[in-house]
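As a starting point, one isolated chain is supplied in structure tokens, in the form predicted alone.
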């Protein structure tokens, strides 16, 4: 009499499988974000150590707590009759207005100079002549012509941002592959079609890169534009506080300037991804 052994399989419930394979999933943080955070933390720690140990004169390098207190005071009570948001709003108005005008004039001008050798020969000497001129040298002339009001400040910021946009647009347009242009022309494309369907899509990434550089340079000229007969603005606040050795307000204003510049650059990157996802 033979006995056959039967192999029985014991089913495992899905719940036990899920419980056994459960792992805590944390959001992934990129290496670049970690390194950037580490850099900021090291700088803050070094700043705190230097000031706490008394290695620097607090008149020139205040403690982080003092800078934070200056930030809170300027936000709530203001500085010289205006709060920090009002100073920031005045500066952003000047920056964005001048930069927008520079883009509205610089991009079409750069496209024209990029597609036409005659236009480039006519206009390039003017751009190359005033591009290396120092902003403060231009500002003295602008104040003589336009006075000490907003017109001279906006004009200085506009002239600071224009050359970078024009030059980057020229470079972007002239670097478009001629094969694209000939292919579109063989299909009957007009000049308008070439501009909006060939040149601008192909040159767009380089134009936006030039706009980012131009915005940064315009931002650096802000302090020079606000030191003459201004009553509000981050640059003016830094300049005025420096005259009274208010280093906590000066450092706080510089930090606000830097963070605002980073936010503006991130906005430019977001616009680039939105308008030109292929790039």
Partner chain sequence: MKRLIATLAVTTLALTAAVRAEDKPAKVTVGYLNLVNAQLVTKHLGLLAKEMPGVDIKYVKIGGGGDMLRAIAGNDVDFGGLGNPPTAIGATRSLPIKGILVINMLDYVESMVVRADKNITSLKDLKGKTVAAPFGSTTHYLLLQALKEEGVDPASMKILDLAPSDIAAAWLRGDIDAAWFWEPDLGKAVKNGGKILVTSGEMAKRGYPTWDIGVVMNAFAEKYPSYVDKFIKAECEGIDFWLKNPEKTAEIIAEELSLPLEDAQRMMKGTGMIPCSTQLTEEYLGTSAKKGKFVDTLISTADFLVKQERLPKLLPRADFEAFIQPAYLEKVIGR
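Remember, predicted model here, so these are calculated numbers, not experimental data. Residue numbers count along the first chain shown, from 1.
Absent from the display: the form predicted in complex with the partner chain. The rest refers to it.
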*Just one of 46-54, 31-39, 209-217, 239-247 has heavy atoms within 4.5 Å of the partner chain in the model of the complex; which?*
239-247
*Within a 4.5 Å heavy atom cut-off, is residue 80 in contact with the partner chain in the model of the complex?*
yes
*So in the model of the complex, does any heavy atom of residue 147 sit within 4.5 Å of the partner chain?*
yes
*Taking 4.5 angstroms as the cut-off for heavy atoms, does residue 254 touch the partner chain in the model of the complex?*
no
*State yes or no: in the model of the complex, is some non-hydrogen atom of residue 66 no more than 4.5 angstroms from a non-hydrogen atom of the partner chain?*
no
*Which of 143, 123, 194, 202 has a heavy atom within 4.5 Å of the partner chain in the model of the complex?*
143
